[in-house]
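Below sits a lone chain in structure tokens, taken as the form predicted on its own.
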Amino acid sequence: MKFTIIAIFFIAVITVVYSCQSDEKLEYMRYYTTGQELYKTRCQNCHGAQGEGLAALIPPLTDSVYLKTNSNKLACYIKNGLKLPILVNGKPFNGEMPPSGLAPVEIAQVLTYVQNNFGNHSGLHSVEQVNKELEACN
């Protein structure tokens, strides 16, 4: 009986917490948490647990200026890989990033996570944005 009362109370608290959040906040949280898992399994091995990159080989994801300036290109980089030399935090990186094989929604989730972690704060990167960005890939 005591367990039932505690369980009902716990469910009521969770319901109140989630019902007080906007649809946009819930969507952001879904993208962020799924993006976090995708990052751990698909990106972390190269870019590091804290987005620190790997010396002069793999760029860090901690440069919010680079991410903001190139936000419309990031989906293309993830989908198609990257062979161009890039300059991040004033340092050149000439390594090659392979194509990810991720679907547009997964790219949006990873971008939401990366662009709101490692010192970055950019909000939701929607699948609609990713689809538009992928159409513009060169």
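As the structure is a computational prediction, the values presented were derived from the model and not from experiment. One-based numbering along the sequence shown.
The same protein has a further form, the form predicted together with ligand HEC, not shown here; the description that follows concerns it.
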Handout entry: Output flag, 60, 83 and 94 jointly within 4.5 Å of ligand HEC in the predicted complex, heavy atom basis
Key = yes
Problem - Touches ligand HEC in the predicted complex: residue 130 (any heavy atom, 4.5 Å) - result: no
Practice task
Please check if residue 33 has a heavy atom lying within 4.5 Å of any heavy atom of ligand HEC in the predicted complex.
Solution key: no
Problem - Partner proximity in the predicted complex: residue 71 to ligand HEC, non-hydrogen atom cutoff 4.5 Å - result: no
Practice task
Look up in the predicted complex whether residue 90 has a non-hydrogen atom within 4.5 angstroms of ligand HEC, and give yes or no.
Solution key: no
Practice task
Go through 104 to 124 residue by residue and record those having a heavy atom within 4.5 Å of ligand HEC in the predicted complex; state none if no residue qualifies.
Solution key: 110, 114
